[in-house]
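Let's start with one chain on its own, the form predicted on its own, as C-alpha cells.
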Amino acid sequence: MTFLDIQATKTQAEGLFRRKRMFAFGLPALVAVYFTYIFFAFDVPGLVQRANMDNARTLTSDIWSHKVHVTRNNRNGEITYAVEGERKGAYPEGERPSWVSGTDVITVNLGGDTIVRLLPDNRTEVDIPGFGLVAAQAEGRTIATNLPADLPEWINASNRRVAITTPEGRITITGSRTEVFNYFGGWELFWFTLDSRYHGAGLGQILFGAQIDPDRSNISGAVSDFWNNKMWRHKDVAWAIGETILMAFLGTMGAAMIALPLAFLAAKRFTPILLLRAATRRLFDFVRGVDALIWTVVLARAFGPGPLTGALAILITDTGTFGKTFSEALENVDDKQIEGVTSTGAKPLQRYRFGVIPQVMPVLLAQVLYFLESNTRSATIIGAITGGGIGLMLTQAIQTQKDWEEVAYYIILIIIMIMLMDWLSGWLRGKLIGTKDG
C-alpha cells in the first residue's frame, strides 16, 4: 500500500468518525428540540393546570359502582327512590332501600355515621362526623343554611345550591329538589330490574328451585327478563353489536367485489392501455386518500344517518386500498400457469378464472380477512357519527355524563367483539389458505 493510499484511508476514517460524532451529538439534540416543541404546542402546562383529580376519581368510581338516589320534590314533598335516579330503576310503590327509615321524618343512613334527615317544610339536616350538623331549608328558589363563610373543599354552597360530598355519599339541595346519593359497588340491576320476579334470586334457585313465576318456567322467565332488561338494554346492545359487525362485513366484502375487476384494469400485465391504467390507479388513490370518517360525514349529509351510510363509507375507502393491493398481486402472477390454461383452448375469461385467480387468491383472502377485523373497530367509530351500531350507544352513554358504568359495559363488549373477530379471522385464514396465526 502506498503512502497516498494510507493517507486516503486515514482521511476516510476521520470523516466517518466526524459523521458518527455529529450523529451521536446531533440526534439527542434533535429529539430534545422535538419534545420541547410538543411540550409547548400541546400546552402541557395548561393541561396539568386544568386537570381535575376530583372529577377523575368520581369518573373512576362511577365505572365500577352505582348509586341509589333518594329524591324529595321540594314543590310537593313527594319522595322517590331509584337506582341511578332513572324511572326504569325506580323502586316499586311501597318499597324503599333498607338504609332509609321513617315516615314524617325520612332518615337516610349513608354509613360511617353520616345521617341525612328529610324534614317537613323542605328542611334538611345532614349530620357529618367531625364537622357537625348542617341545616338547610328550601324557600322558593333560595336555600338558607347554617353553614359558615369558611367552608371545606367538599362543601360547595350558595343561596341557590348546596352540594356536600362525603366518602359515604353526596347530598345536593336546590329550590326544586333535595337529592341524596348513596354509592355501592357493582353494576346494580344488570341481570334483572326491580319489577322482575327474579330480582334477588340466585342462579341455583332459578335452575333448581321452585317455580318463581306461576306463568313461566324459571329458565324461560329469567332469560326473558334479562333480555328485556329496561335498565341495561341487553337486547338493544346485542342488536347494536350485530349492526356494527354488519357494517364492517358489507363494507369490506362489497369493496373486495368491486376492487377485484378494477384491479385488472390497474395491472400493467392485463391492461396495456396506459390511459385506462393510469385513470384506474388515480381512482384508487382518490377513494383511499380520503379517510373513511370523512366519507362518513359526506355520505351522512347526502343519505342521512344509518348503518348503511357507514357501510358505504367503508366500502368506498377499502375499494381504493383493495384495488391497489390486488393490482400489485396481479403484477406478480406466474405466466406458466396461465399458459397451461391457454393451451387447453380456454377463452380470456377462463384464463383469468383458472390461471390468475387461484394464484392471487391467498393474498386476496388474507387482505380481506384482515380488513374485516380492522373495519369492525372502525365501524364502532363510524357508527357514532352515522347513528348506528354500538358506537351510537357508547356516544349516548358518554354524553349523558352520568352513565359511566354503561360506558364501561359497552367498551368491554367492544373489546370482546374485536377479540372474537380476530380469532375468527385467524381461524378462517387457517382453513382457507392454510396459514395459522401464532
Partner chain sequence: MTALDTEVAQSVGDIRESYLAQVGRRRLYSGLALLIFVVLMVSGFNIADERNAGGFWEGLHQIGDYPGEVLTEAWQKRADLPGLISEFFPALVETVNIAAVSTIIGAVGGLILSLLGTRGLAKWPRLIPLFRRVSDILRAVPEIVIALVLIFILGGGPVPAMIAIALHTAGALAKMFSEVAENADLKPVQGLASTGATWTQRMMLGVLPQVAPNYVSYTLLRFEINIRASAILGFVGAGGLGYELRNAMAWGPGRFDEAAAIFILLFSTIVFFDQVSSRYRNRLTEGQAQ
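Small disclaimer: the values here were computed from a predicted structure and weren't measured. Positions refer to the first chain, counted from 1.
What follows is about the form predicted in complex with its partner chain, which we do not show.
Residues within 4.5 angstroms of its partner chain in the model of the complex, judged by any non-hydrogen atom, belong to 284 to 292 and to none of the other stretches in 139 to 147, 284 to 292, 161 to 169, 340 to 348.
Among the residues 85, 355, 305, 221, the one placing a heavy atom within 4.5 Å of its partner chain in the model of the complex is 305.
Screening 227, 190, 154, 239 for any heavy atom within 4.5 Å of its partner chain in the model of the complex leaves a single hit, 239. For the chain shown alone, residue 320 is not a contact residue for its partner chain in the model of the complex, no non-hydrogen atom being within 4.5 angstroms.
Shown alone here, residue 409 lies farther than 4.5 Å from its partner chain in the model of the complex, counting heavy atoms only. Heavy atoms of residue 421 never reach within 4.5 Å of its partner chain in the model of the complex, leaving it off the interface. Taking non-hydrogen atoms only, residue 34 approaches its partner chain to within 4.5 angstroms in the model of the complex.
For the three residues 42, 51 and 59, a heavy atom within 4.5 Å of its partner chain turns up in the model of the complex in every case. Using a 4.5 Å cut-off on any heavy atom, the residues of 248 to 271 that reach its partner chain in the model of the complex are, in sequence order, 249, 250, 253, 254, 257.
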